[in-house]
Structures are given as C-alpha cells and as structure tokens.
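Read the single chain below, which is given as structure tokens and is the form predicted alone.
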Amino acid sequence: MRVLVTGSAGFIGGAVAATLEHAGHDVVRVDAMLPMAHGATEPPAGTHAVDVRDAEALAALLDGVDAVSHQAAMVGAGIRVADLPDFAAHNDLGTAVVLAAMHEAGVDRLVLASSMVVYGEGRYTCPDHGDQVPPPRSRAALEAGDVDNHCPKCGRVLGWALVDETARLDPRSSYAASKVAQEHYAASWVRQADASAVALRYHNVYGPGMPRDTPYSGVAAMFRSSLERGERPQVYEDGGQMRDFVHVSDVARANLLALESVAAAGPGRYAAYNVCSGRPVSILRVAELVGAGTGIEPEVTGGYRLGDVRHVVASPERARTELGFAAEVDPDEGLPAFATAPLRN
C-alpha cells in the first residue's frame, strides 16, 4: 500500500514510517517541523514540510495514496488555559482538514494516533460499592498531601483496575480534550464518508529517538535527563501513580497491524484500541528502572501538577484479540535499556 504518514519526523511517527517501509509499504512522509518539537532542524531527507492544516498541499500528496497514518499532533501536559487555542488548531482543525482532504482524494482508510489521556482518570473500584468515577482531585486535597481518589459514597481510598476501550471518555486537560475531538471527528468521518478507521490509544511511549527536553518529552526521558546531569529524578506525589509504559517499537508494530486491519475492513468500521504493554508500573518504579546502575536514587517530592490523574492502566485484551497485537518489550527490560538509548536533542 501507499501510505501517507503525518508527523513522520517525530519520535513515534518516524518509528511508524520506518516499520511500514520495512514491511514493504510505500510511505509518503509529511511533517510540519514545529519548532517546539524539532527546534530549527531541517526536514529529514524525503520528508515533505507540510502543515496538515494546509488542504491544498495535502491534496497534492494524497494522489495515489491508499491509507493515512495520522500521527501529527501538538502534545504536552495541556494544563494551561492559554494552551487551548494551539491544541484546537493543530489537533482538532488539523485532523478535520486531513479527513476532508482524504475524502476529496478518495482515500477511505485511516489509522489515528490517539492517547490514554482520553480516559482522564482510569478505572477505580471500591470494595463496598464497586466501580466508581471519582471527580478531579482538588487543589486543597493535593496541597494537604491527599493524592488518592476516594469513593464518593463512603470516602474510602479507591483501588485501580484495568481500563478497557468501553470506558467513558473524560478528558481533564486541553490536550486530552483535543485527542477526544480527534477520535470523534474520525468516527463521524467513517459514517459520512463510508470509510474505515482505527484509533490507537497510546499509553506512555518510550524508546530510542525520544526527544530529550521538549514539551514532547515523556517522564522517562525527563528522569533520564536528570540522571545525565547528576541530579536525582524528581518524582511527584508519592510515586505510587500507576501507568503503562510501552516501547516505541511495539507502538510502531501496532500501527502496522492497525493498517492491515483497516485495509481488510469493509466501509463503516471504526474501532479504538489500547496500545500498551499490559504490565502496570508505578512512576517511582520507572525512575528506579531508568536509573538502575547509576547509584542515583530518585527523590519523591510530594509535589503535584493540577490536572494530572492518579492512575490510568490499560487492558490489552481487545488489541490482542482483534488486532493480534501483544507488546514484546517488558518495561522491566526496556526501561533500564532506555537509560543508554540515543535521544533526540
């Protein structure tokens, strides 16, 4: 297939494009080369420097394309109100323009990069009252050191459970809201254009080529940067936040399987999948694994970021049964190896 990959110069987009090419697909690489993600770097050879909001430029590149892998997005914590216009412009409008351009060009197959942030807080259970949906944690509670979510009925600390794709979407930042909007646009496009699409909800992605110190850097990269400076990694809250860390090679392979899925699907099919390792790990444990062998211990600061969620850990079951995807890299092995993997400045 001929596949247009947006965001192809990025950490994940680059890995996806390389994996598709290795599998024999003809890849058209597109990236806006946003300074916040790439600095002043020129586009890599063979990459079209195109903003996905430019419908005319996209139209010329979609000729002869069979499917689009839409990886381009502005990412970040998205906790400042001032960030809202940028997330809406790059993610929401950008996706809408891509979908409209695809329809005009007769391209009816899409793989969309989504995120675990669409869930907001993960799934929680109370021993007495079952599944519960906690409200956002208040500033007063966090200031007082109460970082847990509590049962709205009895006040007990809620335990975490695996989130599957049927969970309600509950974005709690401007970035998260933009990722939900991207999914909704894609689902609407499937119905209106008689097309097919898969949304991949990435969990915490890490691996070689990750940005070092940009808004696009993940917590694992920030821990590593601290270690390289000889500083103790700073762990927020009590370090007990549970997450799922998935290697970029597994994410790229999930995209290949999703592409094959939409290629085989009939029109009108839309599905979302968690892309995760299936091996929950605490943030403190991540800092310890990345720093293994350095002799530098992480520091649990008790600090917090308003808008951060406490736990979000994914169920890998639907991706395993429907896409045939199971992560190959265990975080217990991948995170220590990440400590010496090449990063992108």
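Quantities reported herein were computed from a predicted structural model and do not represent experimental measurements. Quick note: we count residues from 1 along the sequence shown, nothing fancier.
The form predicted in complex with a small molecule exists for this protein as well; it is not shown, and the discussion that follows is about that form.
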* The single option of Arg285, Arg53, Arg310, Arg318 touching the small molecule in the model of the complex, heavy atom within 4.5 Å -> Arg53
* Structure fact -> None of Met33, Val65, Val27, Ala57 but one has a heavy atom within 4.5 Å of the small molecule in the model of the complex; the exception is Met33
* Can any non-hydrogen atom of Arg279 be found within 4.5 angstroms of the small molecule in the model of the complex? -> no
* To do: Tell me, yes or no, whether Ala327 is in contact with the small molecule in the model of the complex, where a contact means a heavy atom of each within 4.5 Å.
  => no
* To do: Indicate whether Tyr202 is a 4.5 Å heavy atom neighbour of the small molecule in the model of the complex.
  => yes
* Is Tyr119 close enough to touch the small molecule in the model of the complex, meaning at least one heavy atom pair within 4.5 Å? -> no
* Determine which one of 333-341, 5-13, 19-27, 318-326 lies within 4.5 Å of the small molecule in the model of the complex, judging by heavy atom distances; exactly one does. => 5-13
